[in-house]
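What follows is a pair of forms of the same protein chain, given separately as structure tokens and numbered structure 1 and structure 2.
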Structure 1
């Protein structure tokens, strides 16, 4: 008698992103409850299992859920608000003032629902967020049924979220306690950047992270201005500055890292710091191009982030993969640099590892949680097909995402979310945009 399971996902190609030989041609993935229980050739799978639901089939590729390791999800409501400006002017002259006027629980909840719909539609099942009012983000994320690491933002000056340093940390600790055992939400600590947080603030953040065994999410070495400013204040570059205070370790997810020199790259590697490469945002803000191929060669775990939609202006890891894999070839002068498979590893397994979830997510294998993406290969830009990794990275688009499964549940089917009301989300976005336009 066949074993009863919940879902069998079939694909012409199963990209497990493990170290085993792959891809699996004409394969299938077996899901029971929240986990993957088996993966292999479809013929063998269907002989052994009987599912309540079958998904995918011929003309489909199945990959692990994509991981966005740096974003500010609720900033989707500032998409296009202040474009074509340098980072410092964009941030201090436009974004921070808008946040002071509009940020609150309702704003963050409504905006994060839109961000979740956008990310699910492009195959992202897990994202690493740094923002304020993260309880509101958590409510939207659980409604969507996706997964996130949420970091309560901490800065050395008052914001709409907190007026004192003690208040920032009290709220961060309260959030960690509330969500540390949540099925979909993992808390973290998020000191903003070396130019907005003192060494004492970073030390306090790391102590808090160590106490509760969570990650630390920060911006690091993003712009030339930051390098010059940290040099002026502390006499060191940003990476050396944090290193001199013992503030770099394997808990750190450092966004951007555009301007580390060779020695700093070695420091990042030796300390086990993970880097979130946010190429499209860096390009748009003219922040520079991170030395990703050098970091990878030195053993730094590099992953992909979108940054917020206010500076990207979308939340699309497939686009990030494609742009990065091509651009770094041109920058390095090496057409073999950043292969398609490595780019997909950055977007899946390495991303999950960076967020401390590598044992549970990031690859398709028995025992891991069932976070999967089905990509429809039946489009003109995906025909003919010789190499599936090449197709996913260089040819696929987010619109090719057909089905998304998180924690064993279908959260996107045929481009529609069963949990999120698209019309209501768009209506709320329009209402908020009208208010922002009138008061900006």
Structure 2
């Protein structure tokens, strides 16, 4: 008697991203309820299991869901609002005024639905978000059926989120309590950056995160301006500054880290800080190029983030992998730097680990939660095929993503989401954009 299961996902290549020998050729992944219960050669799997639904097959590759470790999802509504501008003019003249005027529950919920549709379409199943009105984000994300780690930005001055430091932290604690047992949403604490948060704010954030065993999401060493500003204020560069106050540990997901020097890279490695490399945003805003090859060599866990779509201008981890795996070869002068498989590890297993979810997510193995992406290889740009890792990183486009499964449920198939209304999302985006345009 065959065992009844929910879904069998078949692939000409299964990229488990485990330390076992891989890829599995002509393999299959068995899903029961929310979890992966078996992985192996298709023949052996189909002898033992009978599924309600079969997905994938010849001409497909199956990879773990991609992890976006730094974004501001709702900023999709500012995509392309202002480009090719100096950072100060971009922020102060366009983005901040638009945020001031429009941010609210509805804006964030509607925008995050669009962001979820975009991320699912490009194979992202889990993202790490820092913004405002994160309750609204959570609503959109649960509706989409995808996963996220959410934290409301904490800054040393009043914003739409709170007026006092106590209010920021009361709300953060409330948010943690509300979501800590959620199946798809994980809360985090999100002190914005060293130039907007005092060491006391960071301390309080880390204490709160420790109390509830959640992650801390922050920006760190993004621009030369930040390095200079933190130097002026504290006499130290940003990583050393946080280190000197004992604020760095393995809970921290630090976005950007464009400007750490050699010693600071060693600090990040020894403290177990995870770095979210946001290459396309760093390039487009002219922030610089993070020393990824050095960070990897010294043992820093580097992962990929898209940052917000206002500075990227998309939410596409496949494109980040491709750009990074090529660019760091030129920057380091070493054509063997950042191999295709390492780039895919950064985008999957290491990403899940960075967000404190490595035990249950990030690779394809029995016992893990079923977050999978099926990639259709039958496209001219993926022919012929010698090395599947090379193809996924250097040749695939996010449009090759065919099916996405999160928590054992099919949440995207052939570009369509069973949970999200594409036409309604586009319509609402158009309506919001009209209002935003008139204001800017």
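Definition used throughout: the rigid core is the maximal C-alpha set that superposes within 1.5 Å between two forms. Positions refer to the first chain, counted from 1. These numbers were taken from a predicted model, which means no experiment stands behind them.
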query: Form predicted alone - which displayed structure it is; finding: 1
query: Large Cα move at residue 94 between the two structures, threshold 2 Å, rigid core; finding: yes
